[in-house]
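So here's one chain in two forms, each on its own in structure tokens, numbered structure 1 and structure 2.
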Structure 1
């Protein structure tokens, strides 16, 4: 197996990405408000955290480089790394699709309302992962969000957005 497909190489790549993030997070702290005569500045704690992260990220980079140099076949880090190749792995494609669905869910939560957006997303995911029983899909995807909305709205008095299904709330209120 190529070294670039091992867990050790994946660790190296992850650590480099993390290091870039940590440097960015540290640079951000330089713009935080400075308070005169304060023993600890608002930036101090985040800076300590960034430095802590950097130290252990550098350690991870060194560990990964050393592993890649002297890797034995039976080393746990010589095993193949998990794939995030969206073009080659169907599972990753499906996971990416669920992520897109979740983002759409958050964006449409208030506009369409919890029940509708949940029913649509639940039905799409069920179909995506191979559920083919239309009756079951329809029942589960509609009844579960509806029941949860009723529990939260009526029993726990938590106001959940209903969006386009607002008339349903009015109906329940009347009952």
Structure 2
């Protein structure tokens, strides 16, 4: 088998694509607004995350290159890489569906609000990954976004859109 058809080569290609994206993301953070007299700037956390991802991606690139150079026939990474054909690979289909779901999430965020959209998306993803307990899906998909909204709204004073659940926010404001 050619080395270009192995899992090790697939890891190398994916890591290079990921590194390009991470560099782009880091460059985007350079345009964030600077807050005077603030120890931590809005760009600080995203930049730390980008740098951390870049470090691990470079490690994956180095590992993949070393593996390709010294690969033996019985190595697990010498096996053929899985197809990324969306019509043949169920995992790729699931990934494409989650991407579409994220786009829908962003499109509906303002209209329906954080809690409602997050609950629906969380429930769909839980079903997609194989969870079947309806009670668990309902509790997690509703309580986690609601708790996170409460933390951000009440403790951190971040105004997150509530959409159709605006009356809930008004109720919380009275408490």
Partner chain sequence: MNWGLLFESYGAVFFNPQVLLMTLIGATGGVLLGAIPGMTATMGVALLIPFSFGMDLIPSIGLLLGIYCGGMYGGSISAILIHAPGTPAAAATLLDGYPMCQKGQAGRALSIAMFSSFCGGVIGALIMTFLSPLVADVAMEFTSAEMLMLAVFGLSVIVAISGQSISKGLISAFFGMLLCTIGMDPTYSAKRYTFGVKPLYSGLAFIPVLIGLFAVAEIIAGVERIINGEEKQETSNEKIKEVLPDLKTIMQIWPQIISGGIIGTFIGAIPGAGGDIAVFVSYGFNKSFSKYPEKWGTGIPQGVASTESANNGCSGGAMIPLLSLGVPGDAVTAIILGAFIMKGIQPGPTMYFDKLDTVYCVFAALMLANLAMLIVGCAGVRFFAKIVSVEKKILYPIILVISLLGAFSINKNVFDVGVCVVFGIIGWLMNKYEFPLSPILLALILGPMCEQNFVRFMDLNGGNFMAITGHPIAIGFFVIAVGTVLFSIYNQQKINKREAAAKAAAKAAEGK
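Numbering follows the first chain given and starts at 1. In this text the structure is predicted, and so the values were computed from the model without any measurement.
- In this pair, structure 2 matches the form predicted on its own, whereas the other structure does not.
- Regarding the hinge between rigid parts between the two structures, the matching entry from 84, 122, 107, 50 is 84.
- Of the two rigid parts that make up the chain, the smaller rotates 54° against the larger between the two structures.
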